[in-house]
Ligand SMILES: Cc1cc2nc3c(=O)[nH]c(=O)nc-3n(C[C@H](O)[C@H](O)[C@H](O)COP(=O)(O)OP(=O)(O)OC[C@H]3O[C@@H](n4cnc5c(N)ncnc54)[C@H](O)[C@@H]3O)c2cc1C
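The chain that follows stands alone, in the form predicted on its own, written as structure tokens.
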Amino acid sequence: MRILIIGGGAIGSATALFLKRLGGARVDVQVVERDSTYARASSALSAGSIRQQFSTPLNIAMSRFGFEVIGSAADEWLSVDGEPVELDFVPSGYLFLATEGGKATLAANHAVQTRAGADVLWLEPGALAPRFPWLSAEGLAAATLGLSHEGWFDGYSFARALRRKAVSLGAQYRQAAVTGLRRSGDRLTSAQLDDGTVLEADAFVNAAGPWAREAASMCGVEVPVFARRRTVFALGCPTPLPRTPLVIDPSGVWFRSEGAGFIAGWSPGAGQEDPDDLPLDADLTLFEDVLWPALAARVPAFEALRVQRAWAGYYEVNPFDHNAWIGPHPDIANFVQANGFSGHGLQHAPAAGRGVAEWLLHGRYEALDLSPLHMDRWRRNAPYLERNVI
């Protein structure tokens, strides 16, 4: 069986890894990645975090497996020739803050999390000051704190480790761009590369991340995924603070400790401007206009924050329900999607890659049922909504 994967970032490499792990020599895996340095890859430019605090049981289960691969058993899953895997994992929780207007949603999400076995603590405003004396609870009605199986890591190192492991198992990588997909009826037959090569395959995986919609358009089908720029700021604070969790403010601003300083960003909420396909230039105006006011109000010591540097990366956003598209395209049975993760692709890469490999090799999901993420929900206008989007 010949599989061609479009995109060799975390999702594409996890898929290649599990195809070879589960299929061995009976599956030939070719990964086409145009940027072998991953300089523009979301894997390298993200904040590289993992959490249990989602609003759907499936996303929680995907994170649980992601934590195993990233945090607790990275060497077992990713080591090559016995070398230790260095992902710089920092175990630390997410702290979601809510006003009175968001308290009911936070409570509903917390109920889903606890039923799924996630170790998440509910906090009333009065309980915040003893735990986090540097935090202002003004305007807050509740919070949730992840007590285990959450943290952050080096996304670039993780993507490289997935690729290295996939190669060690026999996956082949080609530095090129896919410029065309040839179709015969309801099946794809080959991919045209920018170096003139034509690669035939039995199945194709669209793991092109922010460029998944462009890849799908090459064979005349639609995949609603859009590249949305997110700017991350590295910040210094003259007032020493203990290591913070990853704090998500009701304003959409988030921050966490990073070495001796902090990193922070902002996720636009519903109805706020979020243009597609902006250039990957850091939007420095966001700090003065959005981040600094919110950060200084939430952490008084942050009044003296200073920007040290900033960078931008893409979220591959599925605006329909902010969940991934996983599984065969409704119009092309051998064109399998693995994209649209809307900011949680790194942490869900192991579960997504394993699921796609199972589907391709066995025609079904075995370890974890990913069928709620099939694209037919878009056709049925039946969103599988993720409410905890950062």
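These numbers come from a predicted model, not from an experiment. From 1 onward, residues are counted along the sequence shown.
Another form, the form predicted in complex with the named molecule, is not on view; read the next lines as being about it.
> Looking in the model of the complex, is the named molecule within 4.5 Å of a heavy atom from each of 34, 211 and 344?
Replying inline: Looking in the model of the complex, the three residues 34, 211 and 344 all sit within 4.5 Å of the named molecule (heavy atoms).
>> Within 4.5 Å, heavy atoms only, which of 178, 143, 247, 78 is in contact with the named molecule in the model of the complex?
In response: Looking at the other structure, the residue within range turns out to be 178.
> If you check 357, 69, 351, 41 against the named molecule in the model of the complex, which one has a heavy atom within 4.5 Å?
Replying inline: The option sitting close enough to the partner is 41.
> Do residue 49 and the named molecule come within 4.5 Å of each other in the model of the complex, heavy atoms counted?
Replying inline: Yes, residue 49 is a contact residue.
>> Does any part of residue 93 reach within 4.5 Å of the named molecule in the model of the complex? Heavy atoms only, please.
In response: Close contact is absent here: in the model of the complex, residue 93 is far from the named molecule, nothing within 4.5 Å, heavy atoms only.
> Using heavy atoms and a 4.5 Å limit, would one call residue 87 a contact residue for the named molecule in the model of the complex?
Replying inline: No, no contact at 4.5 Å.
> Would residue 45 count as a contact of the named molecule in the model of the complex, using a 4.5 angstroms cut-off between non-hydrogen atoms?
Replying inline: Residue 45: yes, in contact with the named molecule in the model of the complex.
> Heavy atoms within 4.5 Å of the named molecule in the model of the complex: which stretch among 125-133, 108-116, 297-305, 311-319?
Replying inline: Residues of 311-319 come within 4.5 Å of the partner.
> in the model of the complex, which residues of 356-389 put a heavy atom within 4.5 Å of the named molecule?
Replying inline: Contacts from 356-389: none.
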